[in-house]
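First comes one chain, alone, set out as structure tokens in the form predicted on its own.
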């Protein structure tokens, strides 16, 4: 077969790449093959091809395009996403697996001839900064120009890394049969991960969470690799907190709807990444981290000029952005809760749309709740200068965010690294009525990474413990909960998280004291009072403090019981986790006996 760009392939002198291409050309049977390098010319070719193939459509503003997924392909496919394992391998209750040989046979049968009549696109990327100990090369094969356009925005180019290189991740994707630019055979959608050969097969899908190999699919391969090599691959943002003329770096893991993006984008601070971090020890005994990506594939619902001014300004000005599954009228994009009235008709993910339309008895919203935007972080005004630093940045704090209305205080510091790992492994997220139709259901999500684990949970927790123990100066570990309520009203303003961050930053530099409680350290009232005055010029009363930071021993003991039940069915959980759970239970029972079900924070002074 004639290969467009064969001279580029020859310049790599990479026998493994050539063998892979021969194998998948034979399997997928494309009409043509195009090899792409890092040049602006090749990137422009992909952008134009995405429009030509009807996968994207230009919008009114320069650089903006719209992409639509099938109404049946609007989120990560948790049913057909599987880890391929050999007989006898057990990964744990939370990880969906399929026998490796059976899974390969099935997916190869689905993939046989799936690119007939289509153009196979082949491109090379770098996960992490260039020329770095964090760098991981990745090869992408796809028939979707939209997938490559997304990856060109989200990831660093990596063609030159493949010169005679034989250790890299491989991603093979096909959108399959398309009608009007949208996938048809969703019932044959598969996302299979072969850890043995560090490759992923994903077919009959377009939604980026399923199709863009370098995102959550690469996260899984990297988690496997990290757990073999004693570093951490985490579902975490990476940002800089600015105070007193210095910058202190934090990383954080939050389940959906718990404040992850808004924390990473707190006004006045800087952002390196909003989603995935690689973390390694440095020569001086600190943790250092990088953003695996250079872009953001973010949920656009609720982005408005009041709550998210920086992102909103970026999304409404000329630059390269892919919108997906939003409403479009007169080539202008609109999304849910964007801070202004939406048109009553237009085009969205179901086609022509009018307000009040129903499908299968359910009203169709103007835009999908999981509608997205894709842009480069460098387009944001608050981008950190170390975005591409091959050395990464020194991480001084981990933040684990959860969501509950009646139990955890809004801010807490762990008693130790091991206690912090316990806190991270116990993260819960409370569902809302808007999301699932039933409010108050707690979903356990250790380190906010459970959907992406490809190693047993016990191994994952043990590696976290070892990582911190191997550092001379491990990051401090904090937890947040922005969602406490009283009589149905939130006890915190959305903006209060900036004060919580400033307190964490001060704790790193030993500038604030703290009160020791049965569940960890909490701020002192006087420190928060000064911070609220400094940051917002507003009063923070003793009543505010008492409402937010009282220790609810009864509710916390109930939570411990829930976590204990969950971990009873998991094998080989480190004893240290169980020790911290039991120690916390004893501390809470003792406090409850002495001081009651709800203990004022002033009682711990």
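Because the structure is predicted, anything quoted here is derived from the model rather than measured. Numbering follows the first chain given and starts at 1.
As for the form predicted in complex with a small molecule, it is not shown, yet the points below apply to it.
None of 286, 312, 159, 297 but one reaches within 4.5 angstroms of the small molecule in the predicted complex through a heavy atom, and that residue is 297. With the partner removed from view, the residue among 259, 456, 209, 474 that has a non-hydrogen atom within 4.5 Å of the small molecule in the predicted complex turns out to be 209. Considering the small molecule in the predicted complex, the lone stretch of 304-312, 214-222, 87-95, 338-346 in range is 214-222 [heavy atom distance within 4.5 Å]. No residue of the trio 15, 123 and 199 has any heavy atom within 4.5 Å of the small molecule in the predicted complex.
Contact annotation: residue 275 falls within 4.5 Å of the small molecule in the predicted complex, judged by heavy atom distances. For residue 76, a non-hydrogen atom is located within 4.5 Å of the small molecule in the predicted complex, even though that partner is not displayed.
None of the heavy atoms of residue 173 is located within 4.5 Å of the small molecule in the predicted complex.
For residue 235, a non-hydrogen atom is located within 4.5 Å of the small molecule in the predicted complex, even though that partner is not displayed.
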